[in-house]
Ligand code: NFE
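Here's a solo chain for you in structure tokens, the form predicted alone.
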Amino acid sequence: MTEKVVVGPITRANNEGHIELRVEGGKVVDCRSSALFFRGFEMMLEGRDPRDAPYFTERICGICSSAHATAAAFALENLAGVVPPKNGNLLRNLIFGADILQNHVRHFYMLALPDYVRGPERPPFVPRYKHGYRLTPEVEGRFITHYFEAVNISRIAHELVTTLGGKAPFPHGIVAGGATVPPDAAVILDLRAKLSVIARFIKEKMTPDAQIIAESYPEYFRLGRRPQRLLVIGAFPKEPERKTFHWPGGVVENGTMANFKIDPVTEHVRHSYFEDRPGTEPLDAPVPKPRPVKPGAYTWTMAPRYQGKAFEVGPLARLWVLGRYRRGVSAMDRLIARVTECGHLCELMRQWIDELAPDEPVFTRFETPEEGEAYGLTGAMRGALLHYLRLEKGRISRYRIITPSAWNFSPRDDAGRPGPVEEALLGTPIADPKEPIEVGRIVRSFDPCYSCATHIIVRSSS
């Protein structure tokens, strides 16, 4: 007997998604991952000054705004041939790093933890599934105490963003040419103190909490597995020229590792709400026109592919390339990797703070080119982020964005091959189709950001 199971909306995520499953013999035999949220940034950017792009693309999502500012700034710098001062590079790294910390802390405690820990009998902990929890009340009580502490820790991380970027979310400190807020001795001392508080929480509470979850739910090292295809775009430049990165890029497939290249990246639209085109979408092609009613389509997310294959992006992929975590590719591996990455990032941020030079420049002036095209590539909270920029007469004539959640939550491609989340759900045993708690745990292990993943909806007046 085949049973249809719909989990929609996917809650405790950045905006809502929708998962539709077919369950047969107690296991998932087919699934569709859909993103239904309205976006329109690529079209909105056309005709604008390219210097607006870092600020404008930040509004794609509040939880990962600095990632889009970074990619947009890199794109314009690559086109203009401008190199920021050392301070400018360090400050951008720090703003971006602090923003990643606030995201990861929020994800683990506020979004993922309620899948494994029962909270008090009041919102936001209820309503919830009634089954599938196995921690003792004493342990759960300790987790809930840390849950509320994590709210303050993520706030402190946002204070770091605000100190250097003017505001959070949507900081003003990341621009093409460098940064906007010069550091002084008082600011540097404040950064050190706040980072120490965050690092202590991650080491003493967040990391042990993640280990308890892993030990209590060991089957999730088997569930949510998919083929070992991992993709990383480098993040956090070691030098202003961006020749090397603290988080280097790489492509991992079946135990082998290669350098990331831009040419093999394409997008498929057969199962997306866009007009079909022959072949796959090269990145410099215009974004296809929306087609809200399209046979066979089920999402506003396109299907990015690398060498024609679905690759997973995110902290697990980054730590695999770095050699800091290589246990497996599963729901629990993703959760542990995201927590582990926080500790590594705190180490890097201490180094960057120590390298800041008060009274040294933070910005390099430059002239905006009239014509040309360029890419802005970086890692983001959830993985690889790509911005493509084309200028004509000094204005943006084409802009294209491929986000981490577009990679992870992509639909089937032109050949009918599933995206990473769909692959991870296939074969999953569902104990109770009326309470498919397994689905939420696997989906949220990717830290979905549906507002980043989707593109645009056009409503007809007819």
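The numbering used is simple: start at 1 and walk along the sequence shown. Only a predicted model underlies this, so the values are computations on that prediction, with no experimental measurement involved.
Below, we turn to the form predicted together with ligand NFE, even though it does not appear here.
In the predicted complex, none of the heavy atoms of I442 sits within 4.5 Å of a heavy atom of ligand NFE.
With a 4.5 Å cutoff on heavy atoms, G419 does not count as touching ligand NFE in the predicted complex; it lies far away. Proximity of R92 to ligand NFE in the predicted complex: non-hydrogen atoms within 4.5 Å are absent; the residue sits far from the partner.
Contact check for T403: a heavy atom falls within 4.5 Å of ligand NFE in the predicted complex. Using a 4.5 Å heavy atom cutoff, none of H107, A331 and I336 lies near ligand NFE in the predicted complex. Note on the partner interface in the predicted complex: the residue among A157, M381, A179, A317 having a heavy atom within 4.5 angstroms of ligand NFE is M381. Segments offered: 390-398, 25-33, 403-411, 47-55. Contacting ligand NFE in the predicted complex at heavy atom distances within 4.5 Å is 403-411. Annotation for 64-81: interface residues with ligand NFE in the predicted complex are C64, H68 [heavy atom within 4.5 Å].
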